[in-house]
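One chain comes next, on its own, written as structure tokens: the form predicted on its own.
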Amino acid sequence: MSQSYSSDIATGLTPHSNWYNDVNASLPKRVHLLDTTLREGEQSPGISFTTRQRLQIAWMLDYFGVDCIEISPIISPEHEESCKTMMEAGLSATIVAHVRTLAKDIDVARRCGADWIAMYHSVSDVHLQHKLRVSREVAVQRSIDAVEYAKSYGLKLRFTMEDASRADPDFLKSVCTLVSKAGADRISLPDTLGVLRPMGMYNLVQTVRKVIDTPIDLHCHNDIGLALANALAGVEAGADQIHTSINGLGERVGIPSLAEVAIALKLLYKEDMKLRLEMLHDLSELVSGYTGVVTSPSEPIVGENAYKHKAGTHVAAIIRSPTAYEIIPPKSVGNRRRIVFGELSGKNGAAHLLSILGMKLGETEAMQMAQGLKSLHLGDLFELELSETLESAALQSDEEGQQE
């Protein structure tokens, strides 16, 4: 009988402690997840949800366990109706209405029954000059006026410093300080163009952390593939909420995926998050079905290839102990383990195939089967699902580390 996982996160799967400093002592008491599939996700090219689809996604995200769900009621009357419906649905997650720094937008959020809103204003000079065509002084006054207007109605709010990663540090610190004093309950620091390195995000959060006590959100774009790394670096620097979307959907190439962030926090940072991780694959498939955007086979955690094993030595190891090549059991994230048979198959994979067929043969027959698969020169021939309980028919071999 092969070794199986003893818990949903198997002992010994995390990196050896010698490879990194223990950052957990400096982490916030709790890292929160805000999912913005229904706002940022709908900004992904070609994607639009119906009101019914938005509500279904919201219900599933809520049951999964995210802390906040973001939606923008100002996009269209349909979005406003979706937002209002979500507010009335009795969800446990906080519904955050995303608006501009305009009184009329705030009024729309109020009309929806929002308790929490998120407003944004650009703070980088390139945005102020070329997008909004306003001075720094005007930007600051707009921001303060909008915050004070929202607070006058008792709303809780997050203020997003759009393009913070390209803003002048002193100006950014000043705006964060003034907006916090005006009553902002949270400050979001986005890497709007995805241009930061992880150490840059760490420094950005620490720089702002030194001038305000307001909790900090992270909104990281993935333009050069660093969104997840930057989000985790920001958490290590003191931020306590990460923005995610299902399948990483968002403007241009998107933001960190919900699955990657959830597993990274649980597995690498030992966050005690009350999440139903087994829903991750279903959430991915749901949104893929609604949007027509097929989840990449190579998508971490939820992709078809995430638990697919092909090379002979890999298959041999997986049959003996899944921990050899899997960081977390597929069942725990709603995925499935598969073995690919073809010209890279080895004798252990062949022996397993023979046992499935009810043929309990010896090493010679297993070798012959493997050679037969290789001799066809047809690449991958077929694949079979390998159950969570691995009652292995693998042959014990002293050649474990060699290519079969």
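Start at 1 with the first residue shown and count on from there. In this text the structure is predicted, and so the values were computed from the model without any measurement.
One more form of this protein, predicted in complex with 3-hydroxy-3-carboxy-adipic acid (HCA), exists but is not displayed; see below.
The contact with 3-hydroxy-3-carboxy-adipic acid (HCA) in the predicted complex, taken as any heavy atom within 4.5 Å, belongs to Ser188 out of Asn247, Ser143, Ser72, Ser188. For the residues Asn222, Ser82, Thr101, Thr192, the 4.5 Å heavy atom test against 3-hydroxy-3-carboxy-adipic acid (HCA) in the predicted complex is passed only by Thr192.
Of the stretches 204-212, 229-237, 159-167, 298-306, only 159-167 has residues with a heavy atom within 4.5 Å of 3-hydroxy-3-carboxy-adipic acid (HCA) in the predicted complex. Although the partner is absent from this view, Gln53 stays clear of 3-hydroxy-3-carboxy-adipic acid (HCA) in the predicted complex, with no non-hydrogen atom inside 4.5 angstroms. Remark: Ser44 does not count among the residues lining 3-hydroxy-3-carboxy-adipic acid (HCA) in the predicted complex, judged by a heavy atom distance of 4.5 Å or less.
Contacts between stretch 225-245 and 3-hydroxy-3-carboxy-adipic acid (HCA), counted in the predicted complex as any heavy atom lying within 4.5 Å, involve His243 alone.
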